[in-house]
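Next up is one chain by itself, shown in structure tokens, the form predicted on its own.
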């Protein structure tokens, strides 16, 4: 999304093996990986998806620092759930904190959720997050997803920077008039007016854009000018991913972790 938000710190400095694959292959692989990972239960087996995601990160040549920072932001949303699970899931107590027992079952569930979430997010960043939004939209359209969803994605990417610039302009105008946010009714009303004005401006701009597109022959469908083709590398990658995911499912069914 570098063209919409400026420089993307997580963009690969040089194209990797992942970038050579067809975008549709990468999307399908990411979906299959997520479905298999959430179906696993054994903690030792869950280390396998995390290792695969790490290998995909290396193959995509994403900078580890910014990528791991994004994962840390995701962990911030679930950390409270992970901390509370041991104290809310019944079972044999592992330890107590101020008289509240933490169960082994809760600790195992928290560890499983953490491993699954981090593995899936890391794989999504490696396979899907490393492609341009327009490429992602074209690939989703070629996979026969509803056109309205594809259009929504493409227009959001195109105009979110425009809406952000409008928001910043309105905020500067408020500050020039002496607005300082505080915890009072005036601040709440001002923020409400700001949100309402943003919605009105966005609606007006969307109507102007639609009229301009109709003048240029828009009939509700966007032509897809791309050259997406499956190749030998996609077949090899798909076969390898299928074998790895099948092995994880087999290991989980036997409750035997990788050695």
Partner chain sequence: MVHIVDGALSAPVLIGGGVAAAGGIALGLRSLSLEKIPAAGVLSATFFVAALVHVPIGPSSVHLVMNGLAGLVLGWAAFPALFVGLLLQAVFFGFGGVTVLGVNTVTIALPAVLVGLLFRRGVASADSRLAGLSGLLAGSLAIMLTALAVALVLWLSGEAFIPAAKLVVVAHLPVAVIEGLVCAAAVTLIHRVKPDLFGALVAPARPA
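Values in this document were obtained by computation on a predicted structure and should not be read as measured data. Under this definition, the rigid core comprises the largest set of C-alpha atoms superposing within 1.5 Å between the forms. Positions refer to the first chain, counted from 1.
Missing here is the form predicted together with its partner chain; even so, the following discussion is about that form.
Looking in the predicted bound form, any heavy atom of residue 193 within 4.5 Å of its partner chain?
Within the cut-off, so yes.
Although the partner isn't part of this model, could you tell me whether residue 105 comes within 4.5 Å of its partner chain in the predicted bound form, counting any heavy atom of the residue?
Flag for residue 105 set to no.
If you check in the predicted bound form, is residue 59 within 4.5 Å of its partner chain, heavy atoms only?
Residue 59: no contact with its partner chain in the predicted bound form.
Is residue 96 part of the interface with its partner chain in the predicted bound form - any heavy atom within 4.5 Å?
Taking the distances in the predicted bound form, the answer for residue 96 is no, it never comes within 4.5 Å of its partner chain.
Within 4.5 Å, heavy atoms only, which of 233, 38, 55, 212 is in contact with its partner chain in the predicted bound form?
So the residue touching its partner chain in the predicted bound form, by this definition, is 38.
Select from 146-169 the residues with a non-hydrogen atom within 4.5 Å of its partner chain in the predicted bound form and write them out in sequence order.
Counting only heavy atoms within 4.5 Å of its partner chain in the predicted bound form, the contacting residues of 146-169 are 146, 148, 149, 151, 152, 153, 155, 156, 157, 159, 160, 163, 164, 167.
Fitting the rigid core first, would the Cα of residue 100 be found 2 Å or more away between the shown form and the other one?
Residue 100 C-alpha, core-superposed: shift of less than 2 Å.
Superposing on the rigid core, is the CA of residue 199 displaced by 2 Å or more between the shown form and the other one?
Residue 199 C-alpha, core-superposed: shift of 2 Å or more.
Rigid core superposed, CA of residue 79 - does it shift 2 Å or more between the shown form and the other one?
It does not, since the residue 79 C-alpha is displaced less than 2 Å between the shown form and the other one after the core fit.
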